[in-house]
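Given next, in structure tokens, is a single chain: the form predicted alone.
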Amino acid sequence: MSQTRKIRFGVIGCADIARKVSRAISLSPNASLYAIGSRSLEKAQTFAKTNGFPDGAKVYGSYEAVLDDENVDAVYVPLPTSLHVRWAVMAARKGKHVLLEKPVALNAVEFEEITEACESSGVQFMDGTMWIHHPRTASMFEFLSDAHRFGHLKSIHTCFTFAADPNFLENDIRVKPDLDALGSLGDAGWYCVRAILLAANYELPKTVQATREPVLNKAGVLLSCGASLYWEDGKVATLYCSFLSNLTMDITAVGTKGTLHVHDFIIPYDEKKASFYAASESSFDDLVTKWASEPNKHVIENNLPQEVLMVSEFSRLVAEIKFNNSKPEKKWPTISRKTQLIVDAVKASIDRGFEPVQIQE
């Protein structure tokens, strides 16, 4: 794709995650950093200077100015979750394609406002779940979908935790009820839910029940929580997410014929390669002193980091709409909505005294 055909991104907000995605946009072969907006012009100027924006990039002292720039094709929105509905809807109504940080909203009702605005304006929506775009994820899904090697999914266990420092626990937006009221459930639990959905081929569970004794801060924001998910056919899933435990990001998926293990599913140990372990028809030796065979390690190499692949795929879809009159890809908002519905159900179960909550599509 030529320079003139690259999708021009505007970034609204200078959150830490925006540094990583700005780098991804600059590395993407079909995207370019075109504009940055912050509530402070000085902050926007500093961000552009320190994050690889080209010399000619537009720097604005408001979010609105980015959305009003006719040359901006798409916006990346890394704002606090409580601001998503306002700015994502405004961006869509101004004809900008929307790459929105996760969690996408405080609840599914808010998210439907966003998707309605995107649909009525004919713009592409995608959330910022990067690991889904790694080629390892496609390989894992291929194994999970293989009736001969993996069989039918019976259970999946997911975990994402990290030990936040005292400053984070006191001051980060993810612990503030007016900015990111979902806390660890929205920030870390989102990834666990997406992994569960991937393993279940995006079939929603029937019932969700939160684990008792979640940890909340003095403002009532979740710092640590868990849940179990149940399907009508007997599948069971668990998730655990926390700001208070050592860095861990695991998936264990168990099928009738096979098992999948991955220990770095959100951010790979290595930016240029990632692995997972797959076992099929496992057994012991004759004396039951060891396994007859060990799980196979599958290593997948990738030239571009997963966040660049996310930006590139989003930009490809935007280009199809802009240059070829294609329709927006509905897969992405559908997956986001299902993820949000489960997050909502976990939160509702906690709020209702750990009652089982039925998922309503």
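All values reported here derive from a predicted model rather than from experimental measurement. Numbering starts at 1 and follows the sequence shown.
One more form of this protein should be noted, the form predicted in complex with a further copy of the same chain, which is absent from this view; the next part is about it.
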{"item": "4.5 Å heavy atom contact, residue 288 and a further copy of the same chain in the predicted bound form", "value": "yes"}
{"item": "Contact of residue 249 with a further copy of the same chain in the predicted bound form (heavy atom, 4.5 Å)", "value": "yes"}
{"item": "is_contact(residue 121, a further copy of the same chain) in the predicted bound form, heavy atom dist at most 4.5 Å", "value": "no"}
{"item": "Heavy atom of residue 258 within 4.5 Å of a further copy of the same chain in the predicted bound form", "value": "yes"}
{"item": "In the predicted bound form, the residue from 139, 217, 228, 82 that sits within 4.5 Å of a further copy of the same chain by heavy atoms", "value": "228"}
{"item": "Position in contact with a further copy of the same chain when the complex is considered in the predicted bound form, options 263, 176, 86, 93, heavy atoms within 4.5 Å", "value": "263"}
{"item": "Region of this chain that lies against a further copy of the same chain in the predicted bound form, out of 107-115, 177-185, 152-160, 195-203 [heavy atom, 4.5 Å]", "value": "152-160"}
{"item": "Check all three, 189, 303 and 326, heavy atom within 4.5 Å of a further copy of the same chain in the predicted bound form", "value": "no"}
{"item": "Heavy atom within 4.5 Å of a further copy of the same chain in the predicted bound form - qualifying residues of 254-280", "value": "254, 255, 256, 257, 258, 259, 261, 263, 264, 267, 268, 269, 270, 271, 277, 279, 280"}
